[in-house]
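Next comes just one chain, in structure tokens: the form predicted alone.
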Amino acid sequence: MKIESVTLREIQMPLVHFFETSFGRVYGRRILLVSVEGDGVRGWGECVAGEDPFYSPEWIETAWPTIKRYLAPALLKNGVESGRECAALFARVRGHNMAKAALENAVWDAEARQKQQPLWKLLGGTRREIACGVSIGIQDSPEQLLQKIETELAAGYRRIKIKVKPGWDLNVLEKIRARWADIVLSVDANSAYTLDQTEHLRKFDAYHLLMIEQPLWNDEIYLHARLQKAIQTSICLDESIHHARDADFALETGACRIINIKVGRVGGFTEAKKIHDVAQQHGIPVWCGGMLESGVGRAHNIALSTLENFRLPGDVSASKRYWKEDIIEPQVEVRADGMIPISDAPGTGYRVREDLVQKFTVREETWRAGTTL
């Protein structure tokens, strides 16, 4: 398909409730949205880069110029026949996976709309509904955390994940298990621990967790293999997995038993599918993590989660958990049984509310084919 224009927007959306991890607390999100137009259709993508370079070296102020100077010109000059061709087209740029994913995923969406096909089918998905879990950030008190867990369980979510860090871990797990002995529970450390805390991490085994996600350094695989041998709880790797080669190495070395695939973090649908396939070949389940996305990124997560090996509940929760008013319609809703049904409508199955996008936009640039960027 011929891409005629690329538009990049920064929108700012306040969160319904603050979200805190071991990196800090946020009350709102600066989000980069990408739209591509060609052959009479428009596709949308979302860059999951954060406001600061804390979770990743990428952040909004690296993603914008990377898209503007390198990725958008490459796409407008060369064109692609399908979304899967974007990865090779962008390969000259090293890293910057979040910037690449935003543009590639927009092309996948446009391709699906052009073909009048649901995005999930274009990706090769098979699930007609997906199971949902929920991620709960660090709270002001254990009592506030328990109240939030109670609310999410009542809403039907099938897996509770809490953020942990030294000083906010075993004490809150004890309170959770004292109240709910049998719920599916996992924790996410976001690299808050080190290998010399192995004895402390071994104490997590007593709480019968589904997983402990990314306990050690974000760029480390081998030391996670050493830790996995020392603890019973399954390690899930997230930040350490940038591409399929990382996944293969992690599984060959026994560094994890579960992988979290974030399509916006690994470079787009093409690489996400490859990681999915590697894990499936190893007999290891995957699930889809969230990055506080708007409805645009949330819709992409839903489509990805229809692939066969997404066997564990992901972080694809309802729009209303994060936003008073999401920028898509219908908004993402989770049924009382903790499932999201999959739409057969073309593209993501959700319509972007461009009136709200415009309302939240604080900067915008458009580049067209045949012009100098």
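Residues carry their position along the shown sequence, with the first being 1. Quick caveat: nothing in here was measured; it's all calculated off a predicted structure.
FYI, the form predicted together with ligand OSB isn't displayed, but the following is about it.
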Exercise for the section: Have a look at 77-85, 147-155, 285-293, 242-250 and name the one stretch with heavy atoms inside 4.5 Å of ligand OSB in the predicted bound form. Expected result: 285-293
Exercise for the section: Scan Glu111, Asp238, Asp169, Glu271 and let me know which has any heavy atom within 4.5 Å of ligand OSB in the predicted bound form. Expected result: Asp238
Problem - is_contact(Phe360, ligand OSB) in the predicted bound form, heavy atom dist at most 4.5 Å - result: no
Problem - Heavy atom of Ser135 within 4.5 Å of ligand OSB in the predicted bound form - result: yes
Practice task
Tell me, yes or no, whether Lys100 is in contact with ligand OSB in the predicted bound form, where a contact means a heavy atom of each within 4.5 Å.
Solution key: no
Problem - Contact of Asn190 with ligand OSB in the predicted bound form (heavy atom, 4.5 Å) - result: yes
Handout entry: Partner contacts in the predicted bound form for 69-108 (non-hydrogen atom within 4.5 angstroms of ligand OSB)
Key = none
